[in-house]
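Next come structure tokens for two forms of one protein chain, structure 1 first, structure 2 second.
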Structure 1
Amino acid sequence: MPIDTARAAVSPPRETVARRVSSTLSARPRTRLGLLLSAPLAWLVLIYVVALAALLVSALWTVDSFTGEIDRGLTFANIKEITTESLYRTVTLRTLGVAALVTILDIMIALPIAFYMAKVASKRTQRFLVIAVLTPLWASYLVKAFAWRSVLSDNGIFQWAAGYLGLGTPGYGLVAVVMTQAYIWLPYVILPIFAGLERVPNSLLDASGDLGASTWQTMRTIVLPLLTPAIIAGSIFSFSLTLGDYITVNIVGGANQMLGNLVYTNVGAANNLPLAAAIALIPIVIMIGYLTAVRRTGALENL
């Protein structure tokens, strides 16, 4: 049977605007990538870069003490105030101390948990423990903070448990702030350390044992050097989040002030947005210095 060549031939696709644009983008991968990233990059610039620039500029404004109106004339008065007044030095040192204690406590708790999860537990137990570590992240921050307020209250669970050792509750203060924030940020420290331990080959641990090294020698000379970037990566989370936190301090901190509280107070009750912006620059500068210091350790690649 003869073939109808006219009907068997495939007609060429109709040239449309969409097809021409598709062909152009297909031939220019850089243009295609730029258009794909333009929307998220615009969002990033508007939300983060512009907001940070606005913060820097507003820190150079002042508030008229009589009218309460913002004077948009640029001055370093707020910067000078937060760097020379003893109040801000004291609060900055207190915030740094709390952040350092929270970070050290979280690392000490996270190391054995992460090691068990990565090197000892079976795959089934490991999955269960990962879910257990992640579970607190699914709860509201306020719920966890108020739960600790209840735990640390008079006649609370902590006082009941410590009573068997002849101890009492620490009450509301810096100790309560450290305990509460160490609990809240702990998953952010466990997970990077767990990921770092997963990358440590078991063969290295076996070889160390075969060569006669003790468990402590293996941990000190093999595991810890390989794990240092992951530990620092975890510390970035706990340290930076504690520096900027103010809710926990309001709930369990008693009369103590931290940098976050000063920012909150000046934005709200004091109605001094420029001074609040200047105070908010303190943790930003501290974290820039911290990230710069740890950049060469490879910690940023573990985030």
Structure 2
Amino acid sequence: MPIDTARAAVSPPRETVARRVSSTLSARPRTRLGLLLSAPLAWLVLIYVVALAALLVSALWTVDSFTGEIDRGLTFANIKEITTESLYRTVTLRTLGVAALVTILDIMIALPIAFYMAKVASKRTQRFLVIAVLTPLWASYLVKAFAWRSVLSDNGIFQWAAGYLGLGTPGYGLVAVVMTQAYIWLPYVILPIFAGLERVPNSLLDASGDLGASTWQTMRTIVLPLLTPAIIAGSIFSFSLTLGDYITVNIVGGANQMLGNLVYTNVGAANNLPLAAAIALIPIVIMIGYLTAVRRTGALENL
């Protein structure tokens, strides 16, 4: 067949080109690194970093309240508004409080179950538990928020069960937000802590016990310090995810607003993108501060 002959005639030089490229590259690690990095770095910088920088600039723009047009003259009016008006302080503190509470709750719940999974359960039980913890992680976020709306509703199962104890449902409000958020992000906190505990060598725990430490002492002086990066890694998820959420707040939060709600209303209904951008700077500043603070603990490698 003519085509095959043609291919046979062409393929040797093509082979040498490929080889030449390959040998050039193996002699030049810098070029190799450049080629590897260029595409992902270009994507992240051109799309994400540029967008973040643009957000910063947009926060300095204003919207003409009359025409709704964006005025691209730079001014600190929005920044001044979010730093001086009490609404933003109240909402920021509320959001921070909710995020901190959710994170603390999640860590407190995650520690015993992760410890049981990593150090007590048999291999078989461990595999089962990992799947059991992971399944809700894959079930949709909205499904879970919606489930809590149903659980906490006036005629819901919570009311029904708590009725036997003479209690009522907390209803929709900040308590419901904290419960729902803590529930939704729990698997994200359990998994890094579980992974961190698995890396703590059993021999270390045995040695501590052999040297006479009580269980509690071993936990406090051996396990906890080694586990800190993993705990912080988990906290980054629960804290950050709660910080920017507005949908759970809409579903179970009642009339309360969080930072995310303010951003959302200003992008949509109020059509004030610059102010929304300025409000979005608050969680950015908080998270960057948090990430910088925990960077030295090695938590970022545990994400």
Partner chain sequence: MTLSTPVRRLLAALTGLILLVMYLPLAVVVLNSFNTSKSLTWPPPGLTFDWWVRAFHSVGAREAVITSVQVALASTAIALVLGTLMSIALQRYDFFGKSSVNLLVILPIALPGIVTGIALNNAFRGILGLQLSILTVIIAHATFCIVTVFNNVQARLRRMGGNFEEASADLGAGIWTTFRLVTFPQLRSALLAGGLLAFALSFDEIIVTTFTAGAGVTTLPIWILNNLFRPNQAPVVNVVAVVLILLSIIPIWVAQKISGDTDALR
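Here, residue number means position along structure 1's sequence, counting from 1. Rigid core (definition): largest C-alpha set, two forms, superposition within 1.5 Å. None of these values were measured; they are calculated from a predicted model.
In this comparison the chain labelled structure 2 is the form predicted together with its partner chain, and the other chain is not. Fitting the two forms on the rigid core leaves the C-alpha of Thr24 displaced by at least 2 angstroms between the two structures.
When the rigid core is held fixed, the Cα atom of Leu35 travels 2 angstroms or more between the two structures.
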